[in-house]
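Just one chain is shown here, as structure tokens, and it is the form predicted on its own.
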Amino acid sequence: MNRRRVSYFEASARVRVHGLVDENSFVELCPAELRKTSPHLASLDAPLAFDDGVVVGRATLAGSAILIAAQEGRFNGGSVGEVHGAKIRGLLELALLTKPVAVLLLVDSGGVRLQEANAGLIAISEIMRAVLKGQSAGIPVFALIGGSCGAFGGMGIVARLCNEIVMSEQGRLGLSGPEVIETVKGVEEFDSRDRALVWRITGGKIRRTLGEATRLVDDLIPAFRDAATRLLARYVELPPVTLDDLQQAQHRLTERTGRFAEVSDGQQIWQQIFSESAGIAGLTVSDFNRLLGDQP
């Protein structure tokens, strides 16, 4: 595969995995041929995927041992059900035994699968606990967000628990998705058809501005690979996450909530932060990163 110009947004979960890791290093765990499918979807006579919409396995990245999970947004919006969630949780628990340099979560999900909501909610909580348990053992977890579904619902929470978040401009991150907000609160609250507004509120640029994303990258698989490789080098010696670390993070979020309490559009945040905010939404990724002072 020629990795150089492959769009991360348009790629499938498997293409993303094989494009990110070292060539021929990926070994899939619980592969599709085992046909571990959702029993709930089957009982509803709903379409199935033999991998239940998530690919998990071990590999190397720049020679370092990693574990990796990639959600398939094309299957039920990357939604989390019992089997889907168990595969991700199991991978994170495997990290405690194998001690990889990091775990990569390629998040592409609208949240919990409605057909198996209770099982999905339990799975999300188990994934969250597994992320924190791995971090307390000194194993970093990185979220890569750039797929068509973004990272919403429970997987939006999981992403925010990760040590680092790499996003493309096309990626989106939030709790409730635009369509959900519009359905519950009305189009006056959030017009999900206003794509520019959606990206100014949930997209990669505003999330990087707020510090929720660690790095903004181009919509190319090699760009995500380069960012993940740089992060691995920074986390060779990772001190365990402590309660004090979490409390400090909560304090920063509380301060930010107060600062932007009246904000309803990302453009307003840019106006508060940058002296010249006009045109930020149209900047290239490289120009935007220079504006923030990020190193190439």
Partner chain sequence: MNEAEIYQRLFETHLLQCEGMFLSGSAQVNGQTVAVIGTRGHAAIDTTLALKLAEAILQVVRADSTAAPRPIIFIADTQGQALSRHQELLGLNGYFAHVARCVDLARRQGHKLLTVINGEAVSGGFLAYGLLADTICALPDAQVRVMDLRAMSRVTKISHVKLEELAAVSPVFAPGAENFWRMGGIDEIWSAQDNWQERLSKALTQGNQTDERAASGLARGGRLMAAPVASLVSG
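Numbering follows the first chain given and starts at 1. Note that this is a predicted model, so its numbers are computed, not measured.
What comes next is about the form predicted together with the partner chain, which does not appear here.
**Q** Taking any heavy atom pair closer than or equal to 4.5 Å as contact, tell me whether residue 99 reaches the partner chain in the model of the complex.
**A** So residue 99 does not count as contacting the partner chain.
**Q** Give a yes/no on whether residue 94 approaches the partner chain to within 4.5 Å in the model of the complex, heavy atoms considered.
**A** Result yes; residue 94 sits at the interface with the partner chain in the model of the complex.
**Q** When the contact criterion is heavy atoms within 4.5 Å, does residue 271 count as touching the partner chain in the model of the complex?
**A** No - in the model of the complex, heavy atoms of residue 271 and the partner chain never come within 4.5 Å of each other.
**Q** Heavy atoms within 4.5 Å of the partner chain in the model of the complex: does residue 227 have any?
**A** No, no contact at 4.5 Å.
**Q** Can you tell me which residues in 79-111 come within 4.5 angstroms of the partner chain in the model of the complex, by heavy atoms?
**A** If the 4.5 Å heavy-atom criterion is applied to the partner chain in the model of the complex, 79-111 yields 82, 83, 86, 87, 89, 90, 91, 93, 94, 97.
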